[in-house]
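The data below hold one chain only, encoded as C-alpha cells and taken in the form predicted on its own.
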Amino acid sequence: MKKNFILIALLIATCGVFAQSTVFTLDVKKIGAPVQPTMYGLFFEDINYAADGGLYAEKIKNRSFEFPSDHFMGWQVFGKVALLTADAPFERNPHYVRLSPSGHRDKHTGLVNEGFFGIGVERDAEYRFSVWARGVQGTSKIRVQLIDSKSQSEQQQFASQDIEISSAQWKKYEIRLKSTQTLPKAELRIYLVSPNPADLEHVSLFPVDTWKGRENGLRKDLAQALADIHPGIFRFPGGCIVEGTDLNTRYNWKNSVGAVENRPLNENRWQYTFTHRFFPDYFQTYGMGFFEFFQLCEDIGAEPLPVISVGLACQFQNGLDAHVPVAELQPYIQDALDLIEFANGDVSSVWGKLRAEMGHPAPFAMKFLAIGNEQWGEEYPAHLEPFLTAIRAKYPEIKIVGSSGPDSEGKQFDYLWPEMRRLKADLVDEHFYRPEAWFLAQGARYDNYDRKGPKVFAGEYACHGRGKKWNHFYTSLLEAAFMTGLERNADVVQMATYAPLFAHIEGWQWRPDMIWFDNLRSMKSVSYYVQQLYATNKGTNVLSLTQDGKPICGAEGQNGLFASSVLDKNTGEIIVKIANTSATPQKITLMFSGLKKKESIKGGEIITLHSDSQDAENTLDNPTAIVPQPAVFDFNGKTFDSEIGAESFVVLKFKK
C-alpha cells in the first residue's frame, strides 16, 4: 500500500464548492445525545486459545495433571513417574506426580512439557518457575531446564537450575531461569537428580515481566494492546462458553476465584465443536478468572460487564431436557447475587472478604451484569425473569443486559425484543456476524429504534467476507462505515464490542479476529485500528450531520458514503468520521451551520485508514502494513471542501 496515502494534497479549504461535490451540513449549535463512556469496548471469549496459551501468561500446559482424557497430555514422561492422588495438597486439583529413581544410574526420571504450541522465550528475559513439592524419604532435588530439543548444539539446555526439596510437607518452591536465546518453541524439562523421590504438583512457568508485574499475570504485549484501545466497557468471559456444551461445562465464576492452585479445570466449550480445526487439548485452567478480569478492567479503565449462566445450556447443541427447570434456578440466581457481592461487597461480607484476601479490599464498582448469552425462545425470558426480580430487589442499581438471540433479525429477534421491553431489561445484546452486503445495508439500522425502550448493546459483531472469511481491509472498512450509525444513534446504542478478540496463529478455530499472536509476537488487525479510532475519538455528544436533511448512511444517492459527527466538550473538538465504501474518490463539502456571524471553524487533524487492495491485511511478519496515518491541515472558515479517497475511512478534527 502507499503508506502516505493521506488527503493532504486534497484537503483544500475554500469558500467555493467542487463540481459534483456531495454537501454535508454539520450543525455545531444543535448538541445532541451524550455518547456514553461505555460506547466502545472489548469482548473477551476463550476461543482460539485466547486465555490459556494467550492472554494468560502461563507457559505450561496441563500444569496440574488434570486433563481428564490423558493426565499427561502436554507432557513427555521418562523413567519412573507415577500419577497419584492420595494426600494431595489441593482438593479440586487432586492429581500430582511422583518422580522416583529408575533403579539404574544411567536411566533418568523426569518430565518434559511442550507448552502451548511450544514455549516462547526471549533472550535475557527471566522466567519464574514454581512448583508445589515435597520430599519423599528425605531431601530430594530436581533440575529444571529450558531446552531446545531440535538444537544442533552440543547440549539442548540453555537455562538450568537445581531446586532442593527440603520438606516432607507440601511447599511452594520458586526459581528464576534466565534465557540465553530467543526461541518460539522451547520446552521445559525436569530431571530428578537425587536418590530420593519427589512429589510435584502445579508446575508453572511465567515470564517475570508480565502485565503490571503480577505473578499470576497476563501476557504484556496482549494486555497493552487492549489498554491502547482505551475501551469503555469490557465484556467477559464469553460468549458461548458461559453456556457450556452442557451445564456441567458452563463457565462457573466461583470456580475461577480463590487460590489459583485450587481452581478446578474446566472443559472448554470450543474443545470438540469444530472438527475442521480440532484441538482436544483445549481446556480452561481458570487461572485467569473473574478476579483477574475485574483487575484488568480496572487497569485499562473499562467498566466490567460479566456474563453469567441463566440456566440454559448451549441451545445450538442441546434440546430442552438439558436446561435447568425454572423452579430449580435458585442456585444460579444465588451465583448472580454472590458475584455482585464479590465485585462490590464490603470486606465483612462473605464474597467481599474473599476479594480482599485475593489482594483487592476496595470494591470493583461493577455497574452492569449480563444474564445469558445467545439464548432464545420462550424459555429464555421465563428463565431471565426470576433473576431480574431477585437482583432488583437486592441490588437495584445494577443494570441488567438481556439478549435478542443469535441473529440480527428474524423470528427469534422479533420475539425477544418485546420480551426484553416487557421485563424492562436495561440493555439488549445484539449479535451480528454478517457479510459485506448486510453491513452496507445497515447504516440506518438504529435510526428508527424505540427511544424510550431498553438501550442497545452491540455485543458481538464483525464483517465476515463472503468467500473471504478472514481479516482483510475491506471488511474492516465496512465495519467502520456501520459504526457511524452506532455513533449517530448514541441515545439508543450505549455499548459496542467487536468479536472475537484474540486468535493464536496455530490454534484458531474462528476468524476474523481483532488481535492475532504466536508465542512471541502479536499483530493488530485493521479492525483493531477501526475500533481504536472510534474509542479514542468518541467525543461526549452527538452533532447533527446530514445530507439534504437525511442521515449519511450509505443510502441510495449517497455514493457509498457513511458519516457521523461528535463534539468533545472536554477539548472543544468537533470530530467527523467519514467512510467512503465506493471504488471512486468522493468530493465532499462540509458546511458548518449554527455559527455566529464572527465565528469560524479551524482545522485540524486528519487520520486516514486506507489500502490500495481490498484483500490486504496486517500479518505477524508485517504488522503495520495498514495503520492509521495522521496529518495536520490548515483551515479557517465555515465551508470545508475535500476529497475522500476511494475505499477509505477518515477522521477529521476541527475546533470552533
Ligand code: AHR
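Heads up: residue numbers just count along the shown sequence, starting at 1. Predicted model only: the values in this text are computed from it and were never measured.
What comes next is about the form predicted together with the named molecule, which does not appear here.
The shortest heavy atom separation between Phe158 and the named molecule in the predicted complex exceeds 4.5 Å. Within 4.5 Å of some heavy atom of the named molecule in the predicted complex lies at least one heavy atom of Cys240. Taking the partner from elsewhere, Asn373 is found to have a heavy atom lying within 4.5 Å of the named molecule in the predicted complex. Although the partner is absent from this view, Ile47 contacts the named molecule in the predicted complex, with a non-hydrogen atom inside 4.5 angstroms.
Picking from 450 to 458, 552 to 560, 290 to 298, 373 to 381 the stretch near the named molecule in the predicted complex, with a 4.5 Å limit on heavy atoms, gives 373 to 381. Using a 4.5 Å heavy atom cutoff, none of Phe24, Phe592 and Gly594 lies near the named molecule in the predicted complex. Taking Gly539, Pro304, Pro500, Gly244 one by one, only a single residue has any non-hydrogen atom within 4.5 Å of the named molecule in the predicted complex, and it is Pro500. Distance criterion of 4.5 Å from any heavy atom to the named molecule in the predicted complex singles out Tyr433 from the list Tyr332, Phe90, Trp351, Tyr433.
Heavy atoms closer than or equal to 4.5 Å to the named molecule in the predicted complex belong, across 24 to 42, to no residue whatsoever.
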